[in-house]
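Below you'll find only one chain, the form predicted on its own, shown as structure tokens.
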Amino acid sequence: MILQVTAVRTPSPGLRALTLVGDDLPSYPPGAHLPVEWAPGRVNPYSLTGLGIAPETYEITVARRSGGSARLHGLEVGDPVHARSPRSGFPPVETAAHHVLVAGGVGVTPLLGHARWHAFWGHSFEVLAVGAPHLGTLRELGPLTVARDRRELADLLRPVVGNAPWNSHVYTCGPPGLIAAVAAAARAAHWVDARIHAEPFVHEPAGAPFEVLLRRSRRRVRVAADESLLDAVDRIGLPAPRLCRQGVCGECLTTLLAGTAEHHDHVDAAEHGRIAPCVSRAAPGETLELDL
């Protein structure tokens, strides 16, 4: 799709909110991403924050980092944007009796789409946020509790999950520490994992270095301790599919031909003999062989 920037806002320092228009924009579910091409063959996904029913515009909020986000921060009204159709990887559970949305920082963006959806359909929901933008909009949509810091958020969350109706679901987007704290609070209230949902920020690679044999291209690459397998493949100029870089969307899944992997994805790659190069690594002392 070729879109055009029609509005630019700064909801808080370091963030840029863009409104985009185009012809026949596809609808999308809450929690969906808009894959934006910021350089030839390079695509970053950004959460859509609007209501996805027959949309006339697309709205995204971008935190300024390197690469694609820096490119988007330089856009002005009238600039073109190349994008792909929205992709969903973090939808609400439609049968839930109540939805608890927990947002940390720019992690509010997919949950803003959730809140708009629930408000539109009259679903039962509430939002807890810490360090998040778009609080004015969230307050207009439904119940909102704002914490001063993560410790206060944990204190506020415990009675929420403890007193929530049966078959409530919780959704978290933010840094790993916040996601872990929310999951711990829900489990302490005897919530099963099927009712606990999260979308993490981009996975930070960490682990021992290892080697990978790429059978189809007949290449061997060494992955550094602070480098993801996908980044290592990029470094040697080998094209590989990717989208979310969080182990959520499944776009980068690759057949694992040999070796034992440490799987950190959320799409059950191991059960299908595959690996998510964006987040997963070799087990200690292992060399992986991939169909790349």
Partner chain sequence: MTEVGGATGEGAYPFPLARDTYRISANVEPASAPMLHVGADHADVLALRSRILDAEPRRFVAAPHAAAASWDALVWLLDRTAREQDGVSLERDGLRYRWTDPRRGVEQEFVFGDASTLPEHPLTFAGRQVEEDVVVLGARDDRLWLDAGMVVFASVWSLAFDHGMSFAELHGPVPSPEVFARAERFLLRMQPGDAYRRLNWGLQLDDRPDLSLDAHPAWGPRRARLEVHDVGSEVHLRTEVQHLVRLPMSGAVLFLIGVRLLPLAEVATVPAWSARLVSVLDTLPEEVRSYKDLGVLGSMAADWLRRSSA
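All values derive from a computational prediction rather than experimental measurement. Numbering follows the first chain given and starts at 1.
This next part talks about the form predicted together with the partner chain, which is not shown.
*the partner chain in the predicted complex: contacting segment from 40-48, 27-35, 256-264, 231-239, heavy atom within 4.5 Å*: Flagged stretch: 27-35.
*Classify F210 as contacting or not contacting the partner chain in the predicted complex by the rule of any non-hydrogen atom within 4.5 angstroms, answering yes or no.*
Taking the distances in the predicted complex, the answer for F210 is no, it never comes within 4.5 Å of the partner chain.
*asked:* Residue-level question: is R87 within 4.5 Å of the partner chain in the predicted complex, judged on heavy atoms?
replied: Because a heavy atom of R87 falls inside 4.5 Å of the partner chain in the predicted complex, the answer is yes.
*Non-hydrogen atom contact A70 with the partner chain in the predicted complex at 4.5 angstroms*: Contact with the partner chain, no.
*May I ask you to state whether E94 is within 4.5 Å of the partner chain in the predicted complex, using heavy atom distances?*
Taking the distances in the predicted complex, the answer for E94 is yes, it comes within 4.5 Å of the partner chain.
*What is the one choice in A188, A194, A180, V77 with a heavy atom within 4.5 Å of the partner chain in the predicted complex?*
Checked against the cut-off, the match is A194.
_Within 48-64, the residues that have a heavy atom no more than 4.5 Å from the partner chain in the predicted complex_ = Heavy-atom contacts to the partner chain in the predicted complex: G52, I53, A54, E56.
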